[in-house]
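This document starts with one chain, in the form predicted on its own, laid out as structure tokens.
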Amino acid sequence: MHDLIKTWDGEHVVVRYDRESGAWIFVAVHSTRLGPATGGTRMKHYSKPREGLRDALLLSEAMTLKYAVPRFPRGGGKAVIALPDDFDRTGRDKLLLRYGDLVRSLRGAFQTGPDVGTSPKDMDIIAETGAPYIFCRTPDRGGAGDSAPATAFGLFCGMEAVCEATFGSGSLAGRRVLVQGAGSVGGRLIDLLLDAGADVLFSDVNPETVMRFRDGRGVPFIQPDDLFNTECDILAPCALGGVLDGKTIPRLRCRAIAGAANNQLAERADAERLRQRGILYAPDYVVSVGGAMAITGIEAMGWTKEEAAERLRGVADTVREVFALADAEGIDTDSAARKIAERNLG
């Protein structure tokens, strides 16, 4: 794990081995230039603790970019609770309470909410020992609740800017959009797209989710193996990251990509591969900022829900700024977004 940390450009990493559960806890603080490091807590099984650390480091950098491009007053951070294969789920709540102690001990240097494997109800538990540095608690516990609706709405607004740049009109009516991952964010995105008159398709590996949208809603289902060979106007990756690489990019049959999954590119060179293919890529950290921005704004900055919704419409303006810089300098959109972030970080 030492080599991962030595080559990382963040500020500091907290590593904790939870002896009672056998879990490793990694808190990565990538940047506090614009404000306290803020990011979700991911809780899942990893083949090795090193993979959990790698996830935390990469995701914390993505959070820095997510906040810096729109110049939102927060820094990038992420936490990963890497569960052992023999994890005893009866001890889950106690693990979350011990994790809350760790967050509180950092005295606000890292503030957190849900991510893969955690929920607003989990934040209620973590807040018992970690308050006031825990976001997205349930409304009954004084929080703003699930961030997924805001993430999906911000993504939808960003997708309108993608349509504008690609097809000359921001309307999604009649556009063929393939959503990969119909979970908490992707499922809500499907609802927004259907309401807008889009021709929606989806892919997912969860049988219950497939039944809900294919059988219950009549949304056409694409087998995961056929995802990258399916013709569409916009591909929306909303599952896990690393799906765009040297093998999948040549297979793509879309005009543009805009999705909420973190770290969609397997490596930065993949952004240029997309540009060379003429596929317009909206960087994931630009279009997926909605949940993080809205919840933080409501819980820490006093925004109303109406103000949060209005701020999220600004995601489209940020996307336009990224595309304009990429066009002006003849560079890929990921490089353009990173330039904007670096400028805003000073």
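Because the structure is a prediction, the values reported are computed rather than measured. Quick note: we count residues from 1 along the sequence shown, nothing fancier.
The next section is about a form of this same protein that is not shown, the form predicted together with a small molecule.
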Have a look at 155, 236, 136, 80 for me and say which one sits with a heavy atom within 4.5 Å of the small molecule in the predicted bound form. 136
Heavy atom within 4.5 Å of the small molecule in the predicted bound form - residue from 69, 319, 29, 63: 63
Candidate spot 40, 113 and 147, all three touching the small molecule in the predicted bound form (heavy atom, 4.5 Å): yes
Using a 4.5 Å heavy atom cut-off, which of 290 to 298, 307 to 315, 46 to 54, 275 to 283 contacts the small molecule in the predicted bound form? 290 to 298
Using a 4.5 Å heavy atom cut-off, state whether residue 203 contacts the small molecule in the predicted bound form. no
Is there a heavy atom of residue 180 lying 4.5 Å or less from a heavy atom of the small molecule in the predicted bound form? no
